[in-house]
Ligand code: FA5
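Next up is one chain by itself, shown in structure tokens, the form predicted alone.
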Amino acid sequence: MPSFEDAKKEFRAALAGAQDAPALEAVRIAFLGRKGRLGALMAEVAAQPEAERAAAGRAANEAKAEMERAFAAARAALDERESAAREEREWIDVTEPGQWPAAGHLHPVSAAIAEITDIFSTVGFTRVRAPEIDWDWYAFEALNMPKDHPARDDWETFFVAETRTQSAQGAKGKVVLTPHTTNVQVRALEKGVLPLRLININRVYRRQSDVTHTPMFHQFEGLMVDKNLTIGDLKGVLEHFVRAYFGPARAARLRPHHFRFTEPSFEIDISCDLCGGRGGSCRVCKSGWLELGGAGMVHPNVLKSGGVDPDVYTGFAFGWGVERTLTMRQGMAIDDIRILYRDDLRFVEQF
């Protein structure tokens, strides 16, 4: 008769040595699988003498049932051990203070844009947007800069297409990456809703890169058109912004200049925060003052381009660089504007 007792003993010994699920499964296959030890012994039952065959069959069934019970018990014991180990490994104290995930924040330029918007909103300026990819007409020609005028060279413009289209005002010219946010002016005037008081903050592009320039930067363009506006109104708005953004003790000045789209025109300078207004060896300002942007009374030709009668309405406009304005804020101590876009977390995380 096949030795089922020996098979059971060997099976129990193998189960005792199986310490994990793969080892336990290997034991099951070796003894209870289709080609396992028990199957081979049961195949011998048919070859037993008829008188012994019934007893051998009973022994085979009993051995199979006992071995399956032993395997189930070993499987349950292993599951219990693994569960206890997992509970110990994954145990946490729910009363212990948690760790907050690191939270991001606005980039300094984005924060400056939001604050600039808020400051001008207190004196009635509404935020609008003009395209940052625009027709030559709105970027130059409608702003009193005819084709091939040398003043266009100052902007070092990126032209992106040669396509031309026709409008009621004629050819709109090439497509450009806007070199200044002043392209909002005629677009706003064309709507014919007067008086108006708006601010456009957007990305602009020029082929420049040094300590005070980047090829892509942001400007905020203010425009106010109404009856009987004067330079005094312009000066008052700019002084309001300087006091609100830089503080009441900061010095600013209007310096006569020439822009094709304003008459008279001014550049706006602020005392350099980096050197305290001393100038000399300062790598940013050189003179104690740093230009932040331009301003002036809207040129009559620009008003005409937007369908506005310059004999009835006047206006003023100003355009400042956001990044340059930000670097001149007290305590920023930025002597190279390009650091704002160098993806250096050591810099960004200070704010």
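These numbers come from a predicted model, not from an experiment. One-based numbering along the sequence shown.
FYI, the form predicted together with this ligand isn't displayed, but the following is about it.
Asks: Within 4.5 Å of this ligand in the model of the complex, counting heavy atoms only, one of 176-184, 273-281, 92-100, 121-129 shows up; tell me which.
Replies: Only one stretch qualifies here: 176-184.
Asks: Examine Lys172 and determine whether its closest non-hydrogen atom to this ligand in the model of the complex is within 4.5 angstroms.
Replies: It does not: once this ligand is placed as it appears in the model of the complex, Lys172 has no heavy atom within 4.5 Å of it.
Asks: In the model of the complex, is there a heavy atom of this ligand that lies within 4.5 Å of any heavy atom of Trp320, even though the partner is absent here?
Replies: Output for Trp320 is yes: heavy atoms within 4.5 Å of this ligand.
Asks: Please run the contact check for Phe261 against this ligand in the model of the complex: heavy atoms, 4.5 angstroms, yes or no?
Replies: So Phe261 counts as contacting this ligand.
Asks: Would Thr214 show up as a contact with this ligand in the model of the complex if we use heavy atoms at 4.5 Å?
Replies: Thr214 belongs to the contact set for this ligand.
Asks: For the spot marked by Asp136, Pro146 and Lys304, is every residue within 4.5 Å of this ligand in the model of the complex through some heavy atom?
Replies: Not a single residue of the candidate spot has a heavy atom within 4.5 Å of this ligand in the model of the complex.
Asks: Only one of Arg37, Arg28, Arg324, Lys64 comes within 4.5 Å of this ligand in the model of the complex by heavy atoms, so just point that one out.
Replies: When this ligand is considered in the model of the complex, the option within 4.5 Å is Arg324.
Asks: In the model of the complex, which residues of 266-298 put a heavy atom within 4.5 Å of this ligand?
Replies: Residues within 4.5 Å: Glu267, Glu291, Leu292, Gly293, Gly294, Ala295, Gly296.
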